[in-house]
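First, one chain by itself in structure tokens, the form predicted alone.
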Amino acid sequence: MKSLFQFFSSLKLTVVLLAFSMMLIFFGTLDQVQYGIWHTQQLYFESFIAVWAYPEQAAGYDQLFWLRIPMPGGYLLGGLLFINLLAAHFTRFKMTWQKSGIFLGHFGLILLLVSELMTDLLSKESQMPVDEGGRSNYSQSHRANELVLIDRSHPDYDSVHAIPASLLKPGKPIEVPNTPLSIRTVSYYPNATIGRATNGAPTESPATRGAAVKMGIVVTPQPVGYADNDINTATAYVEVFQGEESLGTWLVSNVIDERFPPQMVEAGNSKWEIALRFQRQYYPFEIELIDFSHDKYPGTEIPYNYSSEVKIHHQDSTKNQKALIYMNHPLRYEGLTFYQASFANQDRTSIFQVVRNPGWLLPYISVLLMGLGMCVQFGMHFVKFLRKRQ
């Protein structure tokens, strides 16, 4: 037990872990060109083991396609550094005023590691597009999808049954809660192109109902895109059952949206709209976009300001408020942060990045602690130096 404790508190282990960290950052940066920031972060920094593979686009791939370099991922390195730092404090450090700066700095570092883990596990990002004069009470992810069956029979509200797309495994039956329905995924494509079959071309499709049958839509699977601006067209063929009876097979896709007539599933006297859409997060308030400004430098097309004047309409009217959102000036409201992310529709639509991060304050606190620790430690040494000179 003692030897194990000495191993984890070893300074040599610290150096090895920091060397692996530099290696992880180096190969992660190389793969960022191929996979984009989001996917690279998942592969290298939100994993226990990462494997770098020689890229297909690089010269000499035909000879070096076998080259793969495994390395510890971010979770493993961060966890070991956390243990190493705690073990070192228990074995080598004694709390004295002379070392208070070191303690403050290390405490800030521990807090930074904890905040990074909290951000990975708990933070959620989505986008909320709002038209000028319009309102929205939900944001949606551009990377996750959900299959929904919507009962619109009630005059005051809709009943939405959502199934995450990650559960749409071919052949796997899924019961739809509070309905007599169940579904079975015939096939699922994380990315595809869909379009009408050309005249005379054979159309092989498992769909028996809905838009695919009426419009002759065919599906062509595509590789998944990882670039930051890529939006994959998730598509699936889904068979719906009432008990043991098949009601038909529908083609659903996140591009078959409000622009298309709704696809309806009928069972007896009940109807449900079926669709595959970007995963949504609903809120107890609405964001109204009063005005969006896109200002440019005179005589150029170079922007110098994007801003959105908004009003929040909460179910609790005492929480209503107005705000101006612009770059580096987000709106923080109800545990959410709204950033000015983009715009569309010829400057008539503003797009907000909506972030929920319960640990957003921790990085600021940890950096302050580390800075304060260095000031204290170096300050004490500086005072000692001055006294010696005198």
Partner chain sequence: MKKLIYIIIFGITASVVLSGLRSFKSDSEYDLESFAELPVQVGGRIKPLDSVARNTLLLLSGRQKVVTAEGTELSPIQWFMDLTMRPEIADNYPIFKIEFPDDLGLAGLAKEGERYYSFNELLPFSEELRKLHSEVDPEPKKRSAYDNQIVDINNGLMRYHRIMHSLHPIGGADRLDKLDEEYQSYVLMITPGMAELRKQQAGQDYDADRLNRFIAFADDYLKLSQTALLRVVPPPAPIDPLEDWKNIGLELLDVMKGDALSPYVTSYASLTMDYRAGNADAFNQKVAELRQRFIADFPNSIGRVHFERLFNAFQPFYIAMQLYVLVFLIVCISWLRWPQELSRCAFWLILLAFGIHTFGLLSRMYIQERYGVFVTNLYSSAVFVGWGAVLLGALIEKFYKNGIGAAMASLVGFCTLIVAHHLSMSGDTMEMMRAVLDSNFWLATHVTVITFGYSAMFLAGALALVFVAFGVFSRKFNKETARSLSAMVYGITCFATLFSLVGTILGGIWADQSWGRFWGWDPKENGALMIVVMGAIFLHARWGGICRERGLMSLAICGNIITAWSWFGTNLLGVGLHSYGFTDSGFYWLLAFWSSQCIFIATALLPWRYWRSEFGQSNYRKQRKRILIAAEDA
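Numbering follows the first chain given and starts at 1. Rigid core: the largest C-alpha set superposing within 1.5 Å between the two forms. In this text the structure is predicted, and so the values were computed from the model without any measurement.
We do not show the form predicted in complex with the partner chain, though everything after this point is about it.
Contact at 61, 333 and 351 by the partner chain in the predicted complex, all three, heavy atom at most 4.5 Å:
Not a single residue of the candidate spot has a heavy atom within 4.5 Å of the partner chain in the predicted complex.
Using a 4.5 Å heavy atom cut-off, indicate which stretch of 343 to 351, 27 to 35, 62 to 70, 48 to 56 touches the partner chain in the predicted complex.
Heavy atoms within 4.5 Å of the partner chain in the predicted complex occur in 27 to 35.
Which residue, 269, 318, 300, 96, is the contact with the partner chain in the predicted complex, using a 4.5 Å heavy atom cutoff?
Residue within 4.5 Å of the partner: 300.
Which pick from 77, 118, 112, 274 sits with a heavy atom within 4.5 Å of the partner chain in the predicted complex?
It is 112.
Does any part of residue 106 reach within 4.5 Å of the partner chain in the predicted complex? Heavy atoms only, please.
It does: once the partner chain is placed as it appears in the predicted complex, residue 106 has a heavy atom within 4.5 Å of it.
Verify the contact flag for residue 82: yes if a non-hydrogen atom of it lies within 4.5 Å of a non-hydrogen atom of the partner chain in the predicted complex, no if not.
No, residue 82 sits far enough from the partner chain in the predicted complex that none of its heavy atoms falls within 4.5 Å.
Answer for residue 90 alone: is it within 4.5 Å of the partner chain in the predicted complex, judged on heavy atom distances?
Contact check for residue 90: no, nothing within 4.5 Å of the partner chain in the predicted complex.
Is residue 323 one of the residues lying within 4.5 Å of the partner chain in the predicted complex, judged by heavy atom distances?
Outside the cut-off, so no.
At 4.5 Å, heavy atom to heavy atom, what parts of 6 to 27 sit next to the partner chain in the predicted complex? List them in sequence order, or say none.
The stretch touches the partner through 11, 12, 14, 15, 18, 19, 22, 25, 26.
Superposing on the rigid core, do we see a C-alpha displacement of 2 Å or more at residue 380 between the shown form and the other one?
The answer is yes, as the C-alpha of residue 380 shifts between the shown form and the other one by 2 Å or more after core alignment.
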